[in-house]
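Next up: just one chain, as structure tokens, the form predicted alone.
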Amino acid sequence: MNLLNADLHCHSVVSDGTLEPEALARRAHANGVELWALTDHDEVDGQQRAAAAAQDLGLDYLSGCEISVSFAGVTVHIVGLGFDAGDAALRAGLAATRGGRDARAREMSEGLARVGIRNAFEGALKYAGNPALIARTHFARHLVDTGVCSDTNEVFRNYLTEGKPGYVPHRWAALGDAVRWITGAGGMAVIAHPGRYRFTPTEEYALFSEFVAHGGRGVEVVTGSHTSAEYAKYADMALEFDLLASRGSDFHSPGESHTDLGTLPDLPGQLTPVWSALQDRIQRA
């Protein structure tokens, strides 16, 4: 079961990706993905389209989303898989989480204006398929396309990370709330790309411990931003905390993502994959 080509983390124009859900389904299918999930940030409005496109292609599908939470002063992402996308409590929680994005984006624009980059909010908005989900990625695309930076990595380094002119922190959902929204809707909560967070070993251990205490059951081990050493590290942590293992590219765009849908290594054999516990939630083609 670990050899299944599952890609359970990617984004469409409904959040900060550049492809429509249908185009992502076609790309996943063309790349040999056998089980797919669309996991837009704090939003489930692309789920029906994604599931329908997967069905047309003969591709098995799991509902998904990626919820932003604050933990120890850091933004952490929790992926939800296999939930009821119509669940009222989940939808209300996601709407509340999205609510602060507009004000945050306007503050980011003001910070950029102070260093001579004007009208960045209006520029970023053109790249946001869903204006309610305007994010740093949209600002990055605007700054690249207007020649301020050569690529999005340069934008983040120089303008959009902590201590830089366009960085504005945001208070997201609480970890326990996000896990409860997902599990209350019948799904499974998964820590997304843990190698990306700048935690001390003590803080990371606290994240995993609290996540499990709230009912979280999975962790992304093989994901687009992890190194081979991190595959091994988080495989060990999955075993230590008795967590199921997930796999996902975190694909956003053909021009930006260095890991394409369906191209990751297999999960290590000693792990139990998340999809083994979600068989009754898979929408079969």
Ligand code: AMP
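Keep in mind that this is a model prediction, so the values were computed, not measured. Heads up: residue numbers just count along the shown sequence, starting at 1.
Absent from the display: the form predicted in complex with ligand AMP. The rest refers to it.
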{"query": "Non-hydrogen atom within 4.5 Å of ligand AMP in the predicted bound form for each of R91, T183 and R217", "finding": "no"}
{"query": "Answer option from K233, R49, H252, H29, heavy atom within 4.5 Å of ligand AMP in the predicted bound form", "finding": "H252"}
{"query": "In the predicted bound form, the one of F156, F208, F121, Y197 near ligand AMP [non-hydrogen atom within 4.5 angstroms]", "finding": "F156"}
{"query": "Contact flag, R104 vs ligand AMP in the predicted bound form, heavy atom cut 4.5 Å", "finding": "yes"}
{"query": "Non-hydrogen atom contact A189 with ligand AMP in the predicted bound form at 4.5 angstroms", "finding": "no"}
{"query": "Any non-hydrogen atom of A135 within 4.5 angstroms of ligand AMP in the predicted bound form", "finding": "yes"}
{"query": "Partner proximity in the predicted bound form: H77 to ligand AMP, non-hydrogen atom cutoff 4.5 Å", "finding": "yes"}
{"query": "Per-stretch contact check against ligand AMP in the predicted bound form, the hit in 110 to 118, 79 to 87, 173 to 181, 147 to 155 (non-hydrogen atom, 4.5 angstroms)", "finding": "147 to 155"}
